[in-house]
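In structure tokens, the next block holds one chain alone, the form predicted alone.
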């Protein structure tokens, strides 16, 4: 994967596969400390300490569709190559939190990629999950929580074309507005 947004998509997909009902994704760019932090937190089935140790091994996966799991090991290697690290905190029956850090300005750091499209794909593709996204650059923040949207829609599905347009516009404009305000400051 060449973009961090695709890694977020992969980790979130793992959370959905682990039966998570609530998933929070945070992307925090701290320009003052030159740090980029990605967090995916879920309330899925979690992992025991042994599985957490093994999950960074590319030849260990809980998936039954293939025998290798390259997402987490590749992301960990990318983070470490850019002065960062990857931590996994998990408790069986309670959930998992994956925290990845990068030196933000590192020349080899992957680009963030299309965060809006990643979040859109997750919300529409897994409507049974409660999604919360937080994108922060220094002291400015964009937050999207699908709870209010789902309450307002009632029985209208997220796949309705008008809803799809609204969701895509909301996510793209929120992220672009934050990025534009950051560009004006720096």
Partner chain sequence: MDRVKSLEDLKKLREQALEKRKLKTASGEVQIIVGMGTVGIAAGARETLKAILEFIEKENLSGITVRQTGNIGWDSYEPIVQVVIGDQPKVTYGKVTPDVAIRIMKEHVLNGQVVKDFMLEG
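The structure displayed is predicted, hence computed values, not measured ones. Numbering follows the first chain given and starts at 1.
Although it is not shown, the form predicted together with its partner chain is what the next lines describe.
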Non-hydrogen atom within 4.5 Å of its partner chain in the predicted bound form for each of 118, 148 and 156
yes
Sort through 124, 134, 52, 137 and report the residue having a heavy atom within 4.5 Å of its partner chain in the predicted bound form.
124
Any chance residue 34 has a heavy atom within 4.5 Å of its partner chain in the predicted bound form?
no
Does at least one non-hydrogen atom of residue 18 fall within 4.5 angstroms of its partner chain in the predicted bound form?
no
With heavy atoms only and a cut-off of 4.5 Å, decide whether residue 91 touches its partner chain in the predicted bound form.
no
State yes or no: in the predicted bound form, is some non-hydrogen atom of residue 71 no more than 4.5 angstroms from a non-hydrogen atom of its partner chain?
yes
Any residue of 1-24 with a heavy atom within 4.5 Å of its partner chain in the predicted bound form counts; write them all down in order.
1, 3, 5, 6, 9, 10, 13
